[in-house]
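Single chain ahead, written as structure tokens, the form predicted on its own.
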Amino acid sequence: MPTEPLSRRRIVAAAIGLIEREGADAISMRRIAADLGVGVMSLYNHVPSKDVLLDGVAEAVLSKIEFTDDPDAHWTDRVRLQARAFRQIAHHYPRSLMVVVSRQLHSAAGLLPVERALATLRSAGFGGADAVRILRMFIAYIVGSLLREVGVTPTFAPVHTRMIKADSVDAALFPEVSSLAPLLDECDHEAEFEFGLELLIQAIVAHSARSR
């Protein structure tokens, strides 16, 4: 089977694969060229710099978000769908998500999810400042949830450790921690995410009611 010609799409895909295997710190033009089996200078015909390459990674990941939006649905249901869609792509590309949230994107792929979210909130009657704050809050919640689920090291490598070991807690000093250790040591990530998402939405509903 013939090798696919070198292209921006192929270079970005190789970068995403490398990030997911080894973390963003592993990215360099020389490493990407080696993985693709091409000369490093040939990359610059398609991607002029590492910075542009990382923008391409972020745009490629965001473009994979599958939105199922119903403009006639209540805004809270639309927000739930958008948050779940973002979380789903974050699960597929957990390390690349760190690149996404660190870049300032001005392309159509980068701005479309932001536009959808802001349009949903604005159509619900939120002012511009509140819409932006709510969007940032949801992004922070989703990213924070993902980091808790996959675990991170400084290079975003997954780690799996127990939060609390019941037999290591002094019950006299920490009675609540000791009694709740079994619950602290287990986590249904799906249920935890939905619980937090619902709390955020209800808080926003309450904020909206007070503002009016």
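One rule holds for the numbers: they count along the sequence shown, beginning at 1. As the structure is a prediction and not an experimental result, all values here were calculated from the model.
The form predicted in complex with the DNA exists for this protein as well; it is not shown, and the discussion that follows is about that form.
Site annotation in the model of the complex: the residue of Pro175, Gly39, Gly144, Pro182 reaching within 4.5 Å of the DNA with a heavy atom is Gly39.
Although the partner is absent from this view, Tyr44 contacts the DNA in the model of the complex, with a non-hydrogen atom inside 4.5 angstroms. Heavy atoms of Ser63 never reach within 4.5 Å of the DNA in the model of the complex, leaving it off the interface. The DNA in the model of the complex is approached by Lys50, whose closest heavy atom lies within 4.5 angstroms of it. For Arg148, no non-hydrogen atom is located within 4.5 Å of the DNA in the model of the complex, even though that partner is not displayed.
Contacts between stretch 22-36 and the DNA, counted in the model of the complex as any heavy atom lying within 4.5 Å, involve Ile27, Ser28, Met29, Arg30, Arg31, listed in sequence order.
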